[in-house]
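Just the one chain here, laid out as structure tokens, in the form predicted on its own.
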Amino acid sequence: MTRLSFEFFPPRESDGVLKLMNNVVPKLQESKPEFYSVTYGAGGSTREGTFETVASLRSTGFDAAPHLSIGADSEETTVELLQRYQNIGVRRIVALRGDVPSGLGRSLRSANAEALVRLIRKNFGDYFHIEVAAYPEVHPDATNPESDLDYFAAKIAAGADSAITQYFYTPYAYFDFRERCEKRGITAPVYVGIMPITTVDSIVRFSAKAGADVPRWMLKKLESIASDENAVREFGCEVCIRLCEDLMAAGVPGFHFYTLNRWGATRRIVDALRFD
């Protein structure tokens, strides 16, 4: 069974959650995702927006997983937020290091995902299913692939149940990561993050920040059709469909789509695939 999940960010507009629930969720729900996740801004900057979005999804009967990072929060504040999520029936958390709030430099890097996983397990036992991040192309702050794998192994050892990858466009990046995990004895499922391509500028900008590689052949093609939005979307969907097909053939456990609060490209890709 191939797991499917979709990611949202908390809408910024006052009626954004309503629009998301009325216009986007119904289209994506037709693909029968296992859950929706909702991102968490640097230093908890979207704390209430994340909670509101998760609560709206839960109240409509959908499984929802909030992203969470310690950031500038105290342990008490983090535990209180987790308790609020428990009170509305949330059973899944995406535990991340998260971005450090602007102006605080790197002083809070010790408040990492491993520490958050341990905090959740200490206070809530096995109540939450904990997802963490994985980086097949290596985290942009990592010294080398092995040290990055050390951090990933520590998150799993701390009690994480599974992981979602940063997006990538080269299947071998995932195969190499999976092989290195197997050699280390890491058996937790690693689900593949997929970023649909809809505009050239956004994918280049996102990828530079995330440390995700855009292969040269792909970038050159995108640059050559950048003025034609329809052509970019169609090519982007074709790239992601082929990527998912290759990964499915290799037995990946599932996919997590970074929807950017849109449904079109994600549905186009998912509809082209045959999920068990």
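Each residue number is its position in the shown sequence, starting from 1. As the structure is a prediction and not an experimental result, all values here were calculated from the model.
The discussion below concerns the form predicted together with a small molecule, not included here.
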Q. Out of 200 to 208, 89 to 97, 175 to 183, 122 to 130, where are the residues with a heavy atom within 4.5 Å of the small molecule in the model of the complex?
A. 89 to 97
Q. So in the model of the complex, are 112, 135 and 165 all sitting within 4.5 Å of the small molecule, heavy atoms only?
A. yes
Q | Touches the small molecule in the model of the complex: residue 148 (any heavy atom, 4.5 Å) | A | yes
Q: Spell out, yes or no, whether the shortest heavy atom distance between residue 47 and the small molecule in the model of the complex is within 4.5 Å.
A: no
Q | 4.5 Å heavy atom contact, residue 157 to the small molecule in the model of the complex | A | no
Q) Even though the small molecule is not shown here, does residue 141 get within 4.5 Å of it in the model of the complex, heavy atoms only? A) yes
Q) From the list 42, 218, 248, 226, which entry has a heavy atom within 4.5 Å of the small molecule in the model of the complex? A) 42
